[in-house]
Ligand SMILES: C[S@@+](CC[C@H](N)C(=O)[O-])C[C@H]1O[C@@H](n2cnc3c(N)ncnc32)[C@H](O)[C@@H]1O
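Quick heads-up: it's one chain on its own, the form predicted on its own, in structure tokens.
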């Protein structure tokens, strides 16, 4: 049996009625057999959802959506599930932008490995309209989800662009160089080693392995981090900041990789539990033509 709070989550989503409505009618627990008394036509559907969740299907996949930074995002098996532990990084990114004004040139945000688009879209939704963004992903299916989320949030095409491709390919960096320079870069790269036991546990079993461990296995899981940080200076604007997520035991290794890539300003940030979860990198010599 799944935890009671998950049963309630499924019931309120399925019925469209809040938990208080059910409890006011005497439902202390949300089990399907108890729901059948009050809602016989919906009990079977709830029972099916509970059974699928018990079999390991992520709650977010059953709902087809998940909450992140106060907004709902479509999600499916082609994307990572948005997690609240990424929200403090979004807060930090938003502090990079000045109050609404009209700069001489639009500020540009790049999201590498965009998935659902939750990082990029959360930033754009709370930023001045002069800020525009590009989301990149190697999965066309993931980009379809991100595009749907952009439409759902009402962020217009004049501020948003999606690019298909892998940062392991020179062609992607060539295309990005034509769109550069970027003022802020977001990245939640794969950072699990191929033999990490977490890959066989919980929701991770149902999430895309390439987004978790990458296409190329490495002993420390940081192959993609190395690639991204080495290539980024070629597309950054002067004064640009990079925000990159990592595993909670990887802080020192990521900072060392960043130092080798030339980032002089290296700061760490934490997730909601206070664990090391992301870094802010700046102070690199940019190599964009004309900058």
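Positions refer to the first chain, counted from 1. Owing to the predicted nature of the structure, the values given are computational and were not obtained by experimental measurement.
Although it is not shown, the form predicted together with the ligand is what the next lines describe.
- Note on the interface: of 117-125, 175-183, 195-203, 146-154, the segment with non-hydrogen atoms within 4.5 angstroms of the ligand in the predicted bound form is 117-125.
- Although the partner is absent here, residue 166 is a contact residue: one of its heavy atoms lies within 4.5 angstroms of the ligand in the predicted bound form.
- Contact annotation for residue 65: none of its heavy atoms lies within 4.5 Å of the ligand in the predicted bound form.
- For residue 82, a non-hydrogen atom is located within 4.5 Å of the ligand in the predicted bound form, even though that partner is not displayed.
- Although the partner is absent from this view, residue 188 contacts the ligand in the predicted bound form, with a non-hydrogen atom inside 4.5 angstroms.
- A heavy atom within 4.5 Å of the ligand in the predicted bound form is found for one listed residue only; from 132, 92, 141, 215, this is 215.
- Shown without its partner, the chain has no residue in segment 241-279 with a non-hydrogen atom within 4.5 angstroms of the ligand in the predicted bound form.
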